[in-house]
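Given as structure tokens, the chain that follows is alone and in the form predicted on its own.
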């Protein structure tokens, strides 16, 4: 009689595959992002800002949404601000808060990078799946994300209500 070992549990296989896929995709995407002068963290911040209403998030919400610490987000936003891709603006509803706002130049840069990035996403990820598989995987990932990282959508509603204008 064969016994099943706990280390052979299918749940470990599922999480192991997720980790392996993330590492593999990160490696595949890095070269193309470098051609646009962006790191993975910089692209993530630019995308999160660009896909948020009014292209802005409070710095604290940006930190909550990313895998970076608050100081890590500050360092990345500092670099993006020096490059003219992001600006900071005061938050009217919270004197301690600061908005990170995507500039027009930042939107142009992330749009150009994404045009190439989406080719890699399709080649190494979405294009390998049928539409039904992609929908199922996206739905499943959203369920897990919403449970383990509900803060990943922090600040979206407030950003939609805010009207920050940056003259950059």
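Positions refer to the first chain, counted from 1. Source: prediction; values computed, not measured. Heads up, when I say rigid core I mean the largest set of C-alphas that superpose within 1.5 Å between the two forms.
Same protein, other form: the form predicted together with another copy of the chain, not shown, and the subject of what follows.
Contact of residue 142 with another copy of the chain in the predicted bound form (heavy atom, 4.5 Å): Within the cut-off, so yes.
4.5 Å heavy atom contact, residue 122 and another copy of the chain in the predicted bound form: Taking the distances in the predicted bound form, the answer for residue 122 is yes, it comes within 4.5 Å of another copy of the chain.
Contact flag, residue 40 vs another copy of the chain in the predicted bound form, heavy atom cut 4.5 Å: Heavy-atom contact with another copy of the chain at 4.5 Å: present for residue 40.
Heavy atom of residue 59 within 4.5 Å of another copy of the chain in the predicted bound form: Flag for residue 59 set to no.
Site test, 33, 71 and 97 vs another copy of the chain in the predicted bound form, non-hydrogen atom cutoff 4.5 Å: Negative, none of the three is within 4.5 Å.
Residues within stretch 7 to 37 having a non-hydrogen atom within 4.5 Å of another copy of the chain in the predicted bound form: Sequence-ordered list: 7, 8, 9, 11, 12, 13, 14, 15, 17, 18, 19, 20, 21, 22, 23, 24, 25, 27, 28, 29.
Yes/no, residue 9 Cα shift of 2 Å or more between this form and the one not shown with rigid core fixed: Yes.
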